[in-house]
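What follows is a single chain, given as structure tokens, in the form predicted alone.
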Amino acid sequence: MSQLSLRSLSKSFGTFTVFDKLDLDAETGEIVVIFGGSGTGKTILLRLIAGVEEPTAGTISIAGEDAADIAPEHRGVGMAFQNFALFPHMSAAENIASPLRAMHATEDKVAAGVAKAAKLLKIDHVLGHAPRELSNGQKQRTALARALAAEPRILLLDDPLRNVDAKLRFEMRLELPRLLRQSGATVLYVTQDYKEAMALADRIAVLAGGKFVQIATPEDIYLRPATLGVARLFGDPSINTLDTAIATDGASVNVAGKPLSIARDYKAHAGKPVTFGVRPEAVSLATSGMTAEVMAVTPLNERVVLLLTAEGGWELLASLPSTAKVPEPGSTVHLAFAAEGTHLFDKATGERLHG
């Protein structure tokens, strides 16, 4: 039995539909990242699960029980927000204790809960401080400790790293999976940062256009994107694309009037208009093949990114290891494309084609 199940969950405000017929199962202890751009309804989804908003249609089940029959305070849900939302008149300890006090826990249980959460988040030394005396990192940890203090069955995290500096965000990406797994809670984590999603998730649910367009492991999302839209959301630099068509042999696509061999057999889609996509890291320099002119070279620490103009005027990016021999701007190179980083997407639907 899943700890959390969404079935045909829909939410509308008047004639505006936020999302429609969402299905999702999350298991005990699983970290599911809800990923999508601004305005896709990620926060509203968390509010529905927490019980502070009501769905227009569909059901939310917690441990097999319809949440419509469970008051918000009895759902066993903890939540942390991107703006910390700490009570300014309370110390860090009192902020962490607030959900336990709302449950009418004994003072001994309150003290034990605060101590356990503070130790887990390494903020024991600032428990007596008011929020104004805390750094952003300490505020973020205090908000997480408050969400964890009541040992919720389900933990909802609404982009909690968005308002912290880049260094802390990087550190917490490394640390959070361990902290969340220690809690034992089922976690729904909202973000629009694809690196955060890839680092934290057991599975990623990509929310776009009012639907979950793909629910899969980070590896599957990146290597086997369901649609061109998903492929564009994950990766930096973004995937290179070219509108073309599959040749009648099903083994090549047309680029500037010349056939470009593709790794898989697409005979079932011969002649179909497609978008050819190739990840920048799947583009390499070769001794023969498609020619391109190097327009610019950008070093990015462990990678070097080349801006290229290939045959037919196609502009694309190649991401090479910094140890590679880098050509000079203005030089002509040959390109090769690794099979695992290349995809064909139906031009009409955007769906990835299977060879």
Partner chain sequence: MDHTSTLEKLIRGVLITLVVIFFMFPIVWIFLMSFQTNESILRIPPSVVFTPTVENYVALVTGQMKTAAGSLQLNFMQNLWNSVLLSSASVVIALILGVPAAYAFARFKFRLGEDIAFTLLSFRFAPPLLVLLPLSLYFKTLGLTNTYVGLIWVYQLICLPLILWIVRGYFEDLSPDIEHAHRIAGYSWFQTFRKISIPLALPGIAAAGLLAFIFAWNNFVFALVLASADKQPVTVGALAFVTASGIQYGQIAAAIIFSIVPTFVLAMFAQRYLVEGLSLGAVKG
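It should be emphasised that the depicted structure is a prediction, and the values quoted were computed from it without experimental measurement. Numbering follows the first chain given and starts at 1.
If you look for the form predicted together with the partner chain, you will not find it shown, but the lines that follow are about it.
Residues within 4.5 angstroms of the partner chain in the predicted bound form, judged by any non-hydrogen atom, belong to 71-79 and to none of the other stretches in 258-266, 71-79, 276-284, 192-200. Of the heavy atoms in residue 179, none are within 4.5 Å of the partner chain in the predicted bound form. Among heavy atoms of residue 99, some come within 4.5 Å of the partner chain in the predicted bound form. Within this chain, residue 295 is remote from the site of the partner chain in the predicted bound form, having no heavy atom within 4.5 Å. The closest heavy atom approach of residue 128 to the partner chain in the predicted bound form falls within 4.5 Å. For the options 57, 300, 324, 52, the residue carrying a heavy atom within 4.5 angstroms of the partner chain in the predicted bound form is 52. Though the partner chain is absent from this view, in the predicted bound form it lies within 4.5 Å of a heavy atom of just one residue from 217, 136, 83, 248, which is 83.
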